[in-house]
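Shown here is one chain on its own, the form predicted alone, set out as structure tokens.
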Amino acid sequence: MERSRVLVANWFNYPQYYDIAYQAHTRREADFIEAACRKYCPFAPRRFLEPACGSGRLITELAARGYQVTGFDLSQPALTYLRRRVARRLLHAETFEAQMSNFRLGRLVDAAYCTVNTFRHLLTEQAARGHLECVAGSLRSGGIYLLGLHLLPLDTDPEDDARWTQWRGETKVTVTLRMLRTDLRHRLENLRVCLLVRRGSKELRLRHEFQLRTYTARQFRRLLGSVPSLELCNIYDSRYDIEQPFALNDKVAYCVFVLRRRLPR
């Protein structure tokens, strides 16, 4: 196979490959969303919201399970991919273009979710708080928000790389995620993702560098405390075991926070 050149581009604008890269998580995450709703919602949710929905892998899965789903994103390629995908499967989803920290819905939803560190793309405290306030304003009272992100463990190793491979049909997608730099003072991580896509004799190599905001357990608790309309119900890890919540600490990296819009007193 002739070695291809490396394309420097935003990998979020290649939703067909992003979707394949994370497909192994989809069913398990959707199962957890349903389980969390059963456990923490005082009603049976029917309407879901996904901020920064990207390729819409979870929107498609939940729509196929019979829920009403709404998603938004800034990436037009991602939204186009999602719309075509749900149409091809004869499903329905409401989609629109918006920013995570500044959006408004026409009517309230029962639950919302945001996984795989998407929240950490909000690089300032103001943007992060604005997002939480927008989500709270979009939830009916008692509705929940499932927010998944990596916290910064005290013993973090900045040299760690993550690499994984997924197949869909004849398409093989390999992702390598590397931490380039962690700036604790400004609470920023610089990362590089390298994408290798192979299908038959064709090959695509893509490189994308981006930043994420860092959170220690204490910093995230402080942020939550600044949005009083949301209460913390429980915390889970990457096992997505609804029977095994844990107390927030500085050792577990990936956390799924179950937040709830406070009921009126």
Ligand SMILES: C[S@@+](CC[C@H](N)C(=O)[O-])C[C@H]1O[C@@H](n2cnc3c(N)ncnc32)[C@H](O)[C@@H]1O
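The numbering used is simple: start at 1 and walk along the sequence shown. Computed from a predicted model, the values in this text were never measured in an experiment.
The form predicted in complex with the named molecule exists for this protein as well; it is not shown, and the discussion that follows is about that form.
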**Contact assignment for the named molecule in the model of the complex, among 75, 176, 171, 95, heavy atom within 4.5 Å** = 75
**Request:** Quick one: from 187, 140, 121, 129, grab the residue that has a heavy atom within 4.5 Å of the named molecule in the model of the complex.
**Result:** 121
**Item:** Stretch from 179-187, 108-116, 162-170, 141-149 whose residues place a heavy atom within 4.5 Å of the named molecule in the model of the complex
**Value:** 108-116
**Message:** Check for me whether the named molecule, as it appears in the model of the complex, comes within 4.5 angstroms of all of 36, 238 and 257 - heavy atoms only.
**Reply:** no
**Item:** in the model of the complex, residue 12 touching the named molecule (heavy atom, 4.5 Å)
**Value:** yes
**Request:** Mark residue 54 yes when one of its heavy atoms lies within 4.5 Å of a heavy atom of the named molecule in the model of the complex, and no otherwise.
**Result:** yes
**Close approach of residue 49 to the named molecule in the model of the complex, 4.5 Å, heavy atom** = no
**Message:** in the model of the complex, does residue 82 come within 4.5 Å of the named molecule, counting heavy atoms only?
**Reply:** no
**Prompt:** Which residues within 95-113 place at least one heavy atom within 4.5 Å of the named molecule in the model of the complex?
**Reply:** 98, 99, 100
